[in-house]
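Below you will find one chain, with nothing else, as structure tokens; this is the form predicted alone, and questions on how it binds or moves follow later.
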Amino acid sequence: MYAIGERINGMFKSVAAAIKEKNPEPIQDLAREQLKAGAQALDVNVGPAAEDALAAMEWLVKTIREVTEAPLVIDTTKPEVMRRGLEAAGSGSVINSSKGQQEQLDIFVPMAVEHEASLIALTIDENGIPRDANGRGEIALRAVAAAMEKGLPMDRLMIDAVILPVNVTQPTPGHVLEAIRNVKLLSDPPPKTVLGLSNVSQGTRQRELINRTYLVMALAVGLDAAIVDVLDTELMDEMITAELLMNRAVYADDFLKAYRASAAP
């Protein structure tokens, strides 16, 4: 699984403070720690508190680039902030994200092509988040069609079936698993699938347990990537073990250590 570290996000108080104070040390420490823990890419989000999101995103990306060339997942809903982040990050980045309504796909798909980036497309449109897997599939198909039309290769399109907190809508985790499975039937080759995993446990008392269990379930139906807390060692151990049991990795007695060594950037 392509593990994207979630921690460089202005929603976290320490990150928001570092952005406000232009203090690179906490940001660079988080980048190093997440990569050491098994992240293959880093999500980068300035959060809602940044007074100047354009300047904050540029500073944040350049600060990370001082310590790593690992792929960056530029996380913003604002096209101008996205473009600034992509320009600072370089090719091989990921746009996180575009909604599945045509107006946004018309902006972000060409941007991904222009910057040699991948694109996360959310199964959300002008009507909101669908209630079931079929609705998510219809929006995913729209994203696939837009990618084909505008020249974005399928291996650079990532469909996010949008998981919601289980304590708010308990049927949703099952619908999302079905949607992940169905996405693999949309084209040949199919697009990738991705989840913002921690959303499933938002507001619950057993966040770690729910995250770990759901990640393994999603891997079993074809999940390719996830934005996760890679600093949760048990979650990463369960992910590595699931990949082994699904024959995606070669067995070794010390398979946890072997996986981390092979995944290191």
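Don't overthink the numbering: it's just position in the shown sequence, from 1. What you see is a predicted model, and the numbers here were worked out from it, not measured in a lab.
Below, we refer to the form predicted in complex with another copy of the chain, which is not included among the displayed structures.
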Notebook entry, point to check: With the partner left out here, if you bring back another copy of the chain in the predicted bound form, are L54, W59 and I107 all within 4.5 Å of it by some heavy atom?
Noted result: no
Notebook entry, point to check: Does another copy of the chain get within 4.5 angstroms of any non-hydrogen atom of N167 in the predicted bound form?
Noted result: yes
Note to self: I'd like to know whether F255 contacts another copy of the chain in the predicted bound form, with contact meaning heavy atoms within 4.5 angstroms.
What the structure shows: yes
Note to self: in the predicted bound form, is there a heavy atom of another copy of the chain that lies within 4.5 Å of any heavy atom of V230, even though the partner is absent here?
What the structure shows: no
Check: Looking in the predicted bound form, any heavy atom of A31 within 4.5 Å of another copy of the chain?
Finding: no
Item checked: Answer option from I27, V200, A226, A41, heavy atom within 4.5 Å of another copy of the chain in the predicted bound form -> V200
Item checked: One residue of G174, G128, P79, G151 in contact with another copy of the chain, assessed in the predicted bound form (non-hydrogen atom, 4.5 angstroms) -> G174
Notebook entry, point to check: Which one, 204-212, 32-40, 60-68, 45-53, holds residues whose non-hydrogen atoms are within 4.5 Å of another copy of the chain in the predicted bound form?
Noted result: 204-212
Checklist line | Heavy atom within 4.5 Å of another copy of the chain in the predicted bound form - qualifying residues of 225-241 | finding: E234, D237, E238, T241
